[in-house]
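The chain below stands alone and is given in structure tokens; this is the form predicted on its own.
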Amino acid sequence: MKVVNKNIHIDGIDKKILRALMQDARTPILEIARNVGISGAAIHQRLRKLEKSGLLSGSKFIVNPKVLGYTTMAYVGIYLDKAVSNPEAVKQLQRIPEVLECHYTTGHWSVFIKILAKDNEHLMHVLNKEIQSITGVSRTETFISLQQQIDRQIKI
């Protein structure tokens, strides 16, 4: 069965390559080639095709924030006084390094963000001194994550 996108068709070999790299992006191409049963050059060609299609958007090392002392993860629903405040509020949120993600949402909040802080005191500072001082923010609602229980990418 092929996964079909407007721009790309993924076959079984592509899936094997993707699964190997999603498990460990540092897996040598020749090791993947041996496991899949095609040449290293063919792996490179397929990866270039997947990158050009937009399916792959690069590879990166993941920093463990706990090693740097960041132990408090929080999600914050932000109420804006007007919808027109959104673009400016997002610009201001981009300037706050503790804000890792920002989503324009349906439902109660105008914006929903993910924050990583060193501790509850640091989180309180970010909320009170930085986020709530943004023009257009009328109030916030904060949820502290006690433990991340699932961390995965989409299944290929």
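Start at 1 with the first residue shown and count on from there. As the structure is a computational prediction, the values presented were derived from the model and not from experiment.
Separately, the form predicted together with the DNA exists; it is not shown, and the next lines address it.
Taking the partner from elsewhere, no residue among Val90, Thr106 and His108 has a non-hydrogen atom within 4.5 angstroms of the DNA in the predicted bound form. Although the partner is absent here, Lys129 sits far enough away that none of its heavy atoms falls within 4.5 Å of the DNA in the predicted bound form. Taking the partner from elsewhere, Leu55 is found to have every heavy atom lying beyond 4.5 Å of the DNA in the predicted bound form. When the DNA is considered in the predicted bound form, Lys60 lies well away from it, no heavy atom lying within 4.5 Å. Taking the partner from elsewhere, Ile13 is found to have a heavy atom lying within 4.5 Å of the DNA in the predicted bound form.
Scanning Cys102, Ile96, Leu50, Ile38 against the DNA in the predicted bound form with a 4.5 Å heavy atom cut-off leaves one residue, Ile38.
Residue heavy atoms within 4.5 Å of the DNA in the predicted bound form occur in exactly one stretch of 108-116, 121-129, 28-36, 65-73, and that stretch is 28-36.
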